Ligand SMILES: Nc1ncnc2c1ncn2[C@@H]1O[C@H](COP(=O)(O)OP(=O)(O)OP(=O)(O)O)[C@@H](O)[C@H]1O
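For reference, the chain that follows is the form predicted alone, supplied as structure tokens.
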């Protein structure tokens, strides 16, 4: 009886595949080592910098969890290509024409794309790796085709010497090559796009968190019962909006609902809507084709299950003259997605227009209670001087940032009594840990609102702010037009102060500012004669 013969071809074992990858990577490393001795003496900045990029590609190829063999081969192919170009360039005095300049730029972009894509592959969570496996295979194949095309473009084996002239480099071409070199070495050194990872690194649950339980519970309930919720956490600078957003983001009920489908993006360092789109694509691990960031992001998000997105410090882009329309369009489009719950934090008391925010809306985030402020201070810098501590904290209106910075000063050996004495002399300048970041200086935090584009372009708003700060109890809204009679657009001025978070309405309908802001304004900006005349005229008429 004959035995049936199988026509199935046996697949390589996992061990064999792993050995192939290791051989490829080891060969790439050896090539890279040899290349370093060549590129150091070359006159082409791109080739001098390329080994750094190749080293990163090799390291990433050794770290990926899927398509390991293909990534190893891709790393070796890229290394072999650059070595061939480097060897063909030895002993040449470089003059690069426009065409060669473009070819070098294309190659640089290809290397950066490979590095960025492998970096994305290594950071994916398990479920995303499974979903993206076939997509990764196609992307790697495309990269290999681009590198193969580069061999043809440069005609490495026979004609590269003919493309590199013996004449001196003109200043214009040299500058172009230097720009490529600077761009490559800047990225290789760890600057953007790699720094941007910190823009979407999820924050931990805040360690020192008091007086916000009710606010967080309300927000969580709205998210769970009004899907997809659209929530705006608003308030003045330093009130703890980011901290509250982090607490909501890490709430156990929120984790249960969204799982890994949560992203927390800081808008503070961003300057354009395009940079926000790039960051969102990286946060959600979105593959972008032909540079169409918005299309790729929206298409990807539509396919996800329920997802949470936090946009922190959105005012940075929202208040920008050049970007507000683009940000509004993006925010409106994101809010239209049936699967996306959105939380934004921003200074001010007015949420961005163009979005139907979930009702009942969250209240503007207030300062914490005296007891909560004491708890914050005691957690950082324990003290028995409870009576003076309460006076000190009330002097700063229990603004969380001010409380935290005072407690950090307490860690330096200053008692509440000593801090109170210094507060009376230095006022808001006291609350500074010696840094220039808003988290280290109350004045820096306040100045961000003072210097916002909204206030810079509205002198009436700044005039109203000076008047409010000058009057101990602020200005009754009922008499606002009479007291500030020199201001023609009084409503617009009031709205600007609301949007920047510099002023607010009390329960008794008085327009006022927090104590630290009042002291900052009166210490740094002198009230004008016209403003004094308006105030005197109103109160003299009342008398």
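Positions refer to the first chain, counted from 1. Predicted, not measured: the structure shown is a model, and the values here were computed from it.
One more form of this protein should be noted, the form predicted in complex with the named molecule, which is absent from this view; the next part is about it.
The closest non-hydrogen atom of residue 264 lies beyond 4.5 Å of the named molecule in the predicted complex. When the named molecule is considered in the predicted complex, residue 242 lines it closely, a heavy atom lying within 4.5 Å. Taking non-hydrogen atoms only, residue 258 never approaches the named molecule to within 4.5 angstroms in the predicted complex. Contact between residue 347 and the named molecule in the predicted complex is found at the 4.5 Å heavy atom cutoff. Partner proximity in the predicted complex, defined as non-hydrogen atoms within 4.5 angstroms of the named molecule, places exactly one of 412-420, 355-363, 117-125, 229-237 at the interface: 229-237. When the named molecule is considered in the predicted complex, only one residue from 249, 284, 210, 462 comes within 4.5 Å through any heavy atom, namely 210. The listed set 404, 79, 452, 341 contains one residue whose heavy atoms approach the named molecule in the predicted complex to within 4.5 Å, identified as 404. With respect to the named molecule in the predicted complex, the three residues 56, 72 and 144 uniformly fall beyond 4.5 angstroms at the level of their nearest heavy atom.
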